[in-house]
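Here you get one chain, nothing else, as structure tokens; it is the form predicted alone.
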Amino acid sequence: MTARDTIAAVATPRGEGGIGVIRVSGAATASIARALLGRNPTPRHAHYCAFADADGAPIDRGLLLYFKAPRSYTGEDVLELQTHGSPVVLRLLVARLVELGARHARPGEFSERAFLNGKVDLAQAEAVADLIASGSETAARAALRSLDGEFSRRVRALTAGVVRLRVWIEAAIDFPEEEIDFLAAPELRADLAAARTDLTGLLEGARRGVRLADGLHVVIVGRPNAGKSSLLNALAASERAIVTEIAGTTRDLVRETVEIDGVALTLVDTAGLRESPDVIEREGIRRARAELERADVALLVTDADGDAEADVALLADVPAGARRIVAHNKIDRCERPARREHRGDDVHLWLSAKTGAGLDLLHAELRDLATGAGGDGAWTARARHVSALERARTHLGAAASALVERNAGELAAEELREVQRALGEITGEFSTDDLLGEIFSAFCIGK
């Protein structure tokens, strides 16, 4: 690594006042620190000093901290300058660092170097961006769990189990003359079944992690005048949607981002689903059905005194992976108590958007859908992680079929190799430059 490979960037958002932080990482970091401080810096010690330009004119006063490799975030020599948060000061200081041998960092380059130098794996590096972008307290805590390695540890534990299966099967293939049929051993079948169970659990956790990172996408649907807009207003705690007694008041999608019990939700109110001669209302209904096709949660609002079973048919467009909640609204009119009930895969809640009765049940249901029951062990994940786990599940199922149905060890071994490769993509053991470029380009500059 040459001096020009040393990078520098403002590590905090620019704004008026406050503290500005500039980071430097790379081979020339020590010499840059020495030029700014006038002497060799003491590692992991805060130095108060004046920062000056090439002519000795003062730029600012602040703290200089030097972290010697490999005990740093990137695994390289790292310098951190803490200054006043003036954009002018930060710009002048970065220009001075460039004069001393640094270059401007690309988005995400600090985290990329941490990954390439083995300080974090790829899932942990992505968690840095998730933590910065977290829109709720729950999402921030989940991102921190991923950054601490919770998700990665589970992936590696599953990978270790797959490796053991590969060793067993490939050993049986290498010694076919043995009288014992190792491929038919009950222990092998049991370990394979356990791996499939663990993978299913990890996949469900990753899907929850995506919902936590991106926010739960809740689409509110139902017939006209069922109380959809009233329920959105109640959940948002504001008069976000227009509410009238006139059927068909909502013609277009109404979106509201809220935080409920520490979980970020995107609520989408939709036009009432019915046959309508009105061309504008028909377009609103078309948009409602299109929105429903990409929902994480379909929240069907029906009248507590009406035909709920007939209304459930409106959920025909819900994707297979989405969860369904049926809210029996207006219990204040028929004097029914708030309650929760399971009917097949659907959750039914009796509530009143007008009085607030039963809204706590809906809050709890949405929170648990986002984080899992309890939510204490949730971590953030990304769509690419889910895709990799889905591919791993497919190959693991194929390996089981090869053993159970055909006793084909070679096929099973190849499928298990693909499982290991898919899992390795999550932590970065198997990755391409294109993938890394795509991931880190979405980071903030200075991270």
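Start at 1 with the first residue shown and count on from there. Just so we're clear, the structure is a prediction, and the values are computed from it rather than from any experiment.
Not on display, but discussed next: the form predicted in complex with a small molecule.
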Next on the checklist: Just checking whether R343 would be counted as a contact of the small molecule in the model of the complex - the rule being heavy atoms within 4.5 angstroms.
Outcome noted: no
Checklist entry - Using heavy atoms and a 4.5 Å limit, would one call D332 a contact residue for the small molecule in the model of the complex? => result yes
Checklist entry - R96 near the small molecule in the model of the complex, any heavy atom under 4.5 Å? => result no
Checklist entry - Quick one: is A226 in contact with the small molecule in the model of the complex, heavy atoms, 4.5 Å cut-off? => result yes
Next on the checklist: Please identify, from 255-263, 122-130, 210-218, 229-237, the stretch that has a heavy atom within 4.5 Å of the small molecule in the model of the complex.
Outcome noted: 229-237
Checklist entry - Quick one: of L81, V155, A206, A353, which gets a non-hydrogen atom within 4.5 angstroms of the small molecule in the model of the complex? => result A353
